[in-house]
Each structure stands twice: as C-alpha cells, then as structure tokens.
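One chain follows as structure tokens, the form predicted on its own.
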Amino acid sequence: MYTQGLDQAGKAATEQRAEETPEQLAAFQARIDAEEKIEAKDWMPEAYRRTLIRQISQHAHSEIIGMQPEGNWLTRAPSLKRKAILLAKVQDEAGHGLYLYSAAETLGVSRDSMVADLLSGKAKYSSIFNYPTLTWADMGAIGWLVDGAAIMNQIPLCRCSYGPYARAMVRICKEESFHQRQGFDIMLTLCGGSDEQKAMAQDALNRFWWPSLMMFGPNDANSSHSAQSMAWKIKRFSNDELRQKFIDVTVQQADFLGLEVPDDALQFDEASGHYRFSEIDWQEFFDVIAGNGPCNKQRMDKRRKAHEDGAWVRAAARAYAKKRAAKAAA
C-alpha cells in the first residue's frame, strides 16, 4: 500500500552514489544482511535515505488523507456507539500520520517540506483514498478490506531495516488490527440484517475489492524499485506475494459473510494452494495515481483548505515556542 510511490522516477535518489565508495556500500549491505537496524545517525547510502523518505512520507500522507473518506460519515453513523468507534479510528489515523512524519524527519527532511510536496501534488498518497464512500457499508469495507490490506503490508514493516520506521510501525499495526476488526464487524452486522442491508454490504465489496488489490502496487515485473527495497530489507515481501496472501485470506472471510467476491475468474487452485484471480485494471490504477481518480481533486482541495485554515494555529505555536525559548535563555 505504502510502496506505491517507489515506482516513481528516482533520479534524485542516485545523484550522490558516485561519492559513495564500494567499501562503504558493501559494509552497509553487510549490516542489512546481518539484520542490524540502521539508525538515524548511522552512515547510509543516499539512495537508501531518499527511498525511505519517499516511502515514509507517502505513508504519512496516506494516513492523513485517509481520514477524509471516514470523516465523511462521522455525523451519519447509525448509532452513538458506531460514531464513537469511528471517531476513535479517525483520531488514530491522525496519530499514525504524526508518528510517520516524525520518523521521516530523522532522515533530515522537514515536515514543512513534506507537507508542501503533498499540497503541491509532487508527493503521492495511497490510491485507495481517492474513491468515494457512498453508504455506511463503505465504513465496513474500508475497515475490512482497506485496513486489512494495510496490515498485510505493514506487519513486515515492523522488521524494516530502518529502526525509527520499524518502531513506529509496531504501535500502528496494533491499532490497525482493531480497525480491521471494526470493519469486519460492520459487514457481519449488515450481512446478518435485512436483505437491503446485505445488498448494501455486497455493493461496498463490489466497489472496494479491486481498488484494495491495487493498494499493493504494480505487479512485480513492473515494479522498478521493489527489488532494491527488498535487498535493503525496507520491504520484506514483493507486491505480488502480499497481494496473493491478502486474496487467500479475504476470499474465505467473504465466504463466511455470505458475500460474493466480484471476480468471475476467481478459483482455488489445489496445486498451488492459492486463489487464481483476474488481471487488475492497471490503467485505472495509474490514472488514479496520476491524479485522475474519482475524488483526487476533492481530497486535495479539502486538505489544502484545512492547511490554510490552520495557519493561525501554527503561527501561534511558533510564537509561543519562541517566547518560551527567550524566557529560558533569560
């Protein structure tokens, strides 16, 4: 989910490699191979640093933008209990974004610059958050499918070679596991309700199934930076491996709910022990990543407005910090 940005052009990431000696690179790779954690003050190749900045910042942006589709339903949740749970979940996503921005800052990039890249359109976020949430069942589909796919990606990140990122992911994964259960519980309740409620759940599955599979990024053959990220142990599994694992688990959950996965070619292969599935519409994926999805403009307009509306808060915080620093110095 949060490695989609690794497949963008990375020329800047290799600009300083000529200055790095073969001995340095070999020693660094030896540490990676020995499962040592790389810390912020350790020497690292420039390409490694920039790859991490790109991935972690995209991850942070995704958490922040990801608040919008669910925030859309905070005032329309069907009960006070559901509203409180959803509110807590949206708050968790904000916290995840802050953890991740902090982790990225240890690599020498400022939060202001990361946010500026997002607002300008230079930086990307996960494609899944550019789809609309039309019914309450979409809150279930997002928790079950989207957060389920996120967990599949994020649990290996707890063993990422970069220490600050790996440690941030431990708490994030614990909270995401509750988000996935919350979503599945919504779907289970709807599927056990009226015919109309079950139809609503099926419709949400139909709309979010394929975008959820796209969250893992392009097929391995078309993922230009995935192999290097795995060699550095930033990633532990390839895009296709994680996608297949997600499908194998989620199809069985859909069967339990009594829902039908919207793929006529879906079939369990006894020989491999995996489900075979149709080819993903990659043109849709690349269109959404490029900014031409159903809600790209809406998401970014709202994020820019929120940033502008919060300018006075940031100014006040800076003034207060400056005042405290001056008082301490005196």
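Nothing here was measured: the structure is a model prediction, and the numbers come from that model. Start at 1 with the first residue shown and count on from there.
Heads up, the form predicted in complex with a small molecule isn't pictured, but that's what we're talking about next.
Undergrad: Tell me the stretch among 196-204, 131-139, 117-125, 247-255 that has any heavy atom within 4.5 angstroms of the small molecule in the model of the complex.
TA: Correct option: 117-125.
Undergrad: Taking heavy atoms and a 4.5 Å cut-off, does residue 165 contact the small molecule in the model of the complex?
TA: Yes - in the model of the complex, heavy atoms of residue 165 and the small molecule come within 4.5 Å of each other.
Undergrad: Does residue 66 reach the small molecule in the model of the complex, with heavy atoms at most 4.5 Å apart?
TA: Because a heavy atom of residue 66 falls inside 4.5 Å of the small molecule in the model of the complex, the answer is yes.
Undergrad: Using the partner position in the model of the complex, report whether residue 215 sits within 4.5 Å of the small molecule, counting heavy atoms only.
TA: So residue 215 counts as contacting the small molecule.
Undergrad: Residue 50: heavy atom within 4.5 Å of the small molecule in the model of the complex?
TA: Residue 50: no, not in contact with the small molecule in the model of the complex.
Undergrad: Counting any non-hydrogen atom inside 4.5 Å, which residue from 259, 85, 157, 190 sits next to the small molecule in the model of the complex?
TA: Of 259, 85, 157, 190, the residue with a heavy atom within 4.5 Å of the small molecule in the model of the complex is 157.
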